[in-house]
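Here you get one chain, nothing else, as structure tokens; it is the form predicted alone.
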Amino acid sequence: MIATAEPAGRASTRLSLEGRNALVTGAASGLGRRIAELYAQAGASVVIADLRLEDARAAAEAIGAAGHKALAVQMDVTDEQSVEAGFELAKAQLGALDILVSNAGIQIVAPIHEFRFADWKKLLAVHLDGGFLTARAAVRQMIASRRGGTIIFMGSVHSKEASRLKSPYVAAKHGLEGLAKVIAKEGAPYGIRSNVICPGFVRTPLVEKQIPEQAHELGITEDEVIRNVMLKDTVDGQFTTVDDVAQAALVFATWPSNALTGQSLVVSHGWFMQ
């Protein structure tokens, strides 16, 4: 049950998701899109759920053009009605859900004494409220279908440790670990597994935006942010890639039993070692 490492852009799809339905939030770009692409290549029908409907449609069309089944759904993960409507649409089009990847996220950086309460609430709403609302909708479908399923939360190395300027992000990512553990216990009788992927810095648009922001806040150059902040504690000075994270998501999605549930997997080039 090991996915063989391959060059970036050529991730292995030997693990099969044939006949499974997967919904990935924040899937119009970045990590979410790559996970959706890999799931589709492994045989799943995928739902591209994103706040940006046109971008979601473009991602779904690209997956469809490659011969796979994909559906675009507009979803605001902080809004209960939007989440419920998106899940119902996905069920009507594809059938009950087997896999949820709760991936949607944002980042805002500032020292805590300058952090606006509105920004604190906004970030926690996307990560924690979004994690709860999407997981609740997924669990309901999985229980009703009697097929079980798997829920994967996108955590972070910041689910394990702290960095300056990221008080709500660190709090939210720690919170997702707790949520995943509760779902693992409650979901076990129904064959529902729940786990967390904890990536290091992945050079997505979200991280690109942080580089100049952190340079400004810390009074250092952008190159110093990359070298001395983001990659300082990795074993090889390398960014984690979207393929690294997608491979972890594929392993969690294909795992066949409750032997792997309530766990977190750090994918960070050794930045954090448990």
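Heads up: residue numbers just count along the shown sequence, starting at 1. None of the values given here were measured: they were computed from a predicted structure.
Heads up, the form predicted in complex with a small molecule isn't pictured, but that's what we're talking about next.
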query	finding
Residue 129: touches the small molecule in the predicted complex, heavy atom cutoff 4.5 angstroms	no
Residue 207: touches the small molecule in the predicted complex, heavy atom cutoff 4.5 angstroms	yes
Distance check, residue 106 to the small molecule in the predicted complex, heavy atom within 4.5 Å	yes
Heavy atom of residue 52 within 4.5 Å of the small molecule in the predicted complex	yes
Selected contact from 165, 202, 184, 94, since only one has a non-hydrogen atom within 4.5 angstroms of the small molecule in the predicted complex	202
Listed range touching the small molecule, judged in the predicted complex by heavy atoms within 4.5 Å, from 39-47, 25-33, 214-222, 58-66	25-33
78, 169 and 173 each touching the small molecule in the predicted complex (heavy atom, 4.5 Å)	yes
